[in-house]
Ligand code: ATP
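Given as C-alpha cells, the chain that follows is alone and in the form predicted alone.
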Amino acid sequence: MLEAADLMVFYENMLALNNVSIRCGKNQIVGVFGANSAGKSTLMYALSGIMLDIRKKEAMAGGERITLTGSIRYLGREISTIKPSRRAKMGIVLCPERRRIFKESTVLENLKIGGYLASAAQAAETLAYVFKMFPALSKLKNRLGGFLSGGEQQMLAIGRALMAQPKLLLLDEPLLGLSPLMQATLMRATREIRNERKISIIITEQYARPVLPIVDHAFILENGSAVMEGSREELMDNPDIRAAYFGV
C-alpha cells in the first residue's frame, strides 16, 4: 500500500525527520508513537504531501527554508513530488491534529465539504455510514462545529475525512485531550472502519496504551528518528518501551 524510505525533513538548521522509513500494508492499522516533538506530525505532513505546500508558502514569504528528501511509494508509484491535492484524489487523506473542523459551519456542512472528491452516490452512502458509525453526529447535524465537545469534534473530523473516500487514512493524534471513555470509543470505531471499509490506517499518538489493541504493527519515533518497530506483542515485551509509551 504505502512505503516510505529514508525520509528527512530539515527546518533551516533543525532536523525534524532523520532517515525515517515506515510502511503500511493493505487493510493494516499501523501505529506511530513518540513524545511531543518526536516528528509525528511532520511525518504525517510528509506522507500526505502537505509539507510540500508548507515549504512553498515559506519560500514565497521569505521564511524558514524547508528541505525534504527520501522516497514515498504508494500503490507501487513514487509520489514524493506529487501535490497533496493529487494525493488526496489518489486516496491518501489526512485527519489532522487538533481536529481543525470548520467551527462556523454545521456538522452536516462540514461533512459535505469533506465529500468534495466524491460522486453524489458515494457522498450519500458515506454520509449514511458516518451517521451510523457516529450516531451522536446524526443528532447534532445542524449544530455549529464550534459548539461541539472535543470528542464530538473528533468524530466529525474523522467523518469528514471518510467523506473524501480514503484508501489510506492518516490520523494525527486523534485522542489528544479526550477522556479515556471517548478514546476507547474512537479506537473501536477506527478498527470497525478498517474492517468494514477496507481502509488502511496510520495513526500517531504520544501514548500507545489506548491505541495498542487495534494496531497490526507499530513504529517508535524519538527525536525525529525511528528507533524501534514491531508488532504490538513485540513492543509490549520491551520493558523500556512499556514504561515510556504504555504507562505500564
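Being a predicted model, the structure only gives us computed values, none of them experimental. Residue positions are given as counts along the sequence shown, with the first one as 1.
We do not show the form predicted in complex with the ligand, though everything after this point is about it.
- Only one of 191-199, 28-36, 208-216, 178-186 places residue heavy atoms within 4.5 angstroms of the ligand in the model of the complex, namely 28-36.
- With respect to the ligand in the model of the complex, the three residues 74, 78 and 161 uniformly fall beyond 4.5 angstroms at the level of their nearest heavy atom.
- Think of it this way: in the model of the complex, the ligand has a heavy atom of just one of 235, 24, 16, 20 within 4.5 Å, and the residue is 16.
- The ligand is not shown here, but in the model of the complex it comes within 4.5 Å of a heavy atom of residue 64.
- Although the partner is absent here, residue 48 sits far enough away that none of its heavy atoms falls within 4.5 Å of the ligand in the model of the complex.
- Among heavy atoms of residue 173, some come within 4.5 Å of the ligand in the model of the complex.
- In the model of the complex, the ligand sits within 4.5 Å of a heavy atom belonging to residue 97.
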